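There is one chain below, alone, in structure tokens, taken in the form predicted alone.
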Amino acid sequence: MSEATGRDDPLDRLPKVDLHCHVEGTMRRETVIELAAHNNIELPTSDPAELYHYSSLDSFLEVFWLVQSLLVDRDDWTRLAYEAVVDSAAHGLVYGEFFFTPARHLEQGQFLADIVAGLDEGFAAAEQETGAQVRLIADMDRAHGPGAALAMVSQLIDLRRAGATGMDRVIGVGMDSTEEGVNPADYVAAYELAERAGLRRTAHQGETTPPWTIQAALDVLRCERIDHGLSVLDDLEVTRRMAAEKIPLTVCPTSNIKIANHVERLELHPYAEMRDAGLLATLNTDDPALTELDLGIEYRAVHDAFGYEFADMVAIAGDGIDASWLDDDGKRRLHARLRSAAEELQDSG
């Protein structure tokens, strides 16, 4: 737990959702050490404090791929999923839609059914312990190309039809990894297949690329959400459209500073401008373990950086619920829980 927040902080205790969290990016440093030893994988350092050091998005991806390499079998995925939810729930998570990116594992011979079943087992155990709920979004890895993306979506659909373990937890598809030099439209076949199968759709876009890529994700890939989307404000037409249609953005301010080096400090982040423009800009963690982050820290940091009131943060939490892919009844229950908790916490906010 960071010194910046804790269970005595009302923003830490506030019920929150996380719609942009990569389950691989939640791996504890101690778990990295233990899985590496168990799976006979040599790490670049034996010092846990030195594991998560990087200076750019590309060097971050090297760390991320290292973490991915430690997930060798179903039990590893189960442990990761359990710890991810337990750690997040300790800082207010009540509902999450977590990404997993299996392309490298599938290329190396792991089975998608085993990955999903392992994640499901870990999540189920943590849900029973914490009361939080988690669903999964299967991410396409741009580094592996459109062919691998289409193959992954096809496998997902086959597993759903077969009633494979954990597939009821997979509610959508997304796309991550390096944005630059990649045309989102190249992935249209995979997204069209996902839509026909009833899967929800999002994409990491506009973090390091111009707003036309966001528009392509919306119009060509028919995405219902945009992850990051920082460049949206550079195009007034795209901004107005997303605000009018309430197309959610899953924003991760601390990640944009520490991983993407998009801005030097939080006060310069466009998050407040996005919300002032009427955008449904939610607040999320991205890769919390790799950035020494949790939901409580993120909410407190944004509150302090932009001079928000407690009520503003409650509104942001509510927008996260609205941006989720829960059904209407599920959203109503979470909104009621948020209102009740906010009233109790108001005096200490």
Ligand code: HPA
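Since the model is a prediction, treat every value here as computed from it, not as a measurement. Residue indices: 1-based, along the sequence shown.
The form predicted in complex with the named molecule is left out here; the points below concern that form.
Visitor: Counting only heavy atoms and a 4.5 Å cut-off, does the named molecule in the model of the complex sit next to every one of 16, 271 and 319?
Guide: Checked in the model of the complex: no contact with the named molecule for any of the three.
Visitor: Exactly one of 305, 57, 315, 43 has a non-hydrogen atom within 4.5 Å of the named molecule in the model of the complex; which residue is it?
Guide: Contact with the named molecule in the model of the complex is made by 57 alone.
Visitor: Please pick out the stretch from 83-91, 235-243, 262-270, 176-184 that is in contact with the named molecule in the model of the complex, where contact means heavy atoms within 4.5 Å.
Guide: Flagged stretch: 176-184.
Visitor: Indicate whether the named molecule has at least one heavy atom within 4.5 Å of a heavy atom of residue 64 in the model of the complex.
Guide: Residue-level check for residue 64: yes, a contact with the named molecule.
Visitor: Considering only heavy atoms, tell me if residue 97 and the named molecule come within 4.5 Å of each other in the model of the complex.
Guide: It does not: once the named molecule is placed as it appears in the model of the complex, residue 97 has no heavy atom within 4.5 Å of it.
Visitor: Contact with the named molecule in the model of the complex for residue 287, defined as at least one heavy atom pair within 4.5 Å: yes or no?
Guide: Answer yes; at least one heavy atom of residue 287 falls within 4.5 Å of the named molecule in the model of the complex.
Visitor: For residue 120, is any heavy atom within 4.5 Å of the named molecule in the model of the complex, or not?
Guide: Contact with the named molecule, no.
Visitor: Could you pull out the residues of 180-214 that have any heavy atom within 4.5 Å of the named molecule in the model of the complex?
Guide: 204, 207 sit within 4.5 Å of the partner.
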